[in-house]
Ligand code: HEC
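Below sits a lone chain in structure tokens, taken as the form predicted on its own.
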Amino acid sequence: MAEKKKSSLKRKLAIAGLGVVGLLACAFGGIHFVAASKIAETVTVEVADLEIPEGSKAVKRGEYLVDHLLGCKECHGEDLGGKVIMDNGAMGLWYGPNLTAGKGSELVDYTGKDWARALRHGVGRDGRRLLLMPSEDYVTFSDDDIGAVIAYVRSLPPVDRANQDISLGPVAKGLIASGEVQFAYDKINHQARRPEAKPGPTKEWGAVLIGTCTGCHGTGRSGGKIPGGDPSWPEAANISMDKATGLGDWTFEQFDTAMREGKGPDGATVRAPMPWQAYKGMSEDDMKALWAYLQAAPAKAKGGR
């Protein structure tokens, strides 16, 4: 009798185990379907053609923007020929494509309109929303600056490097399916007018530059967990003027040191993914403009992004 009970219990446990596995398989299948559907979805956005300037002045401006403000090399590599951004089992393989005119690049025949669609609106030539392009960071920059970036990219030596397809891991699929990770396209007001500020040490110009900080620190600049970031990354700092958790007690000199040397007021090293190595080359006026904007913007407690 005892042996029959044990055998019956084992069968029930086995059936229950199979049921759990089945439920998990269904759940994962559902997540995969939702994530795949979102990635495959196409959108239509009106894009004005963008004139791409010629000449050394435009190329030099574009080089400055790429190297010290826009963070392009963080995703596309030092030679802009493509780079693995992240590769782990949970998040999958995330790859920044080749931007040069070399073999393997898919952007060789991009027009000004194609570039504007991708950079400003987060949409590829095929109408799909780009998953990795942080277009919300760039949408405030002027036609002249975006054109200069393209002029600089086109001036670079071709890099022969094939693109690698993005392959999403289970955690990444779950984050996309749940909306925790959003496409840049869905964060942008595509009808909004761009600021008319000119470069200078003003809060108005700082309002243009601050876009490059929002991907990690949030539109409210209060920091917290970075959506879709590498699990090893620390939370983004609160860069609002909150005195308890932000920069409220900082001086401009301390802010400048953190941005250029990667050292906080307490001497602690600023941790990755904060790209201070790029920001250290910012002009004095641009650094002052960022600071002026942060001082004028509302203070927020940490974590609300």
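Numbers follow the displayed sequence, beginning with 1. Everything numeric here is computed off the predicted structure, so don't read it as measured data.
The same protein also exists as the form predicted in complex with the named molecule; that form is not shown, yet it is the one meant from here on.
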| item | value |
| --- | --- |
| The named molecule in the predicted complex: contacting segment from 119-127, 192-200, 154-162, 171-179, heavy atom within 4.5 Å | 119-127 |
| Residue (of Lys280, Arg271, Lys60, His32) lying close to the named molecule in the predicted complex, criterion heavy atoms within 4.5 Å | Arg271 |
| In the predicted complex, the one of Ala207, Met91, Cys75, Val139 near the named molecule [non-hydrogen atom within 4.5 angstroms] | Cys75 |
| Non-hydrogen atom contact Leu290 with the named molecule in the predicted complex at 4.5 angstroms | yes |
| The named molecule contact at Ile52 in the predicted complex, heavy atom, 4.5 Å | no |
| The named molecule contact at Gly147 in the predicted complex, heavy atom, 4.5 Å | no |
| Heavy atom of Tyr185 within 4.5 Å of the named molecule in the predicted complex | no |
| Residues of 186-220 having any heavy atom within 4.5 Å of the named molecule in the predicted complex, listed in sequence order | Thr212, Cys213, Cys216, His217 |
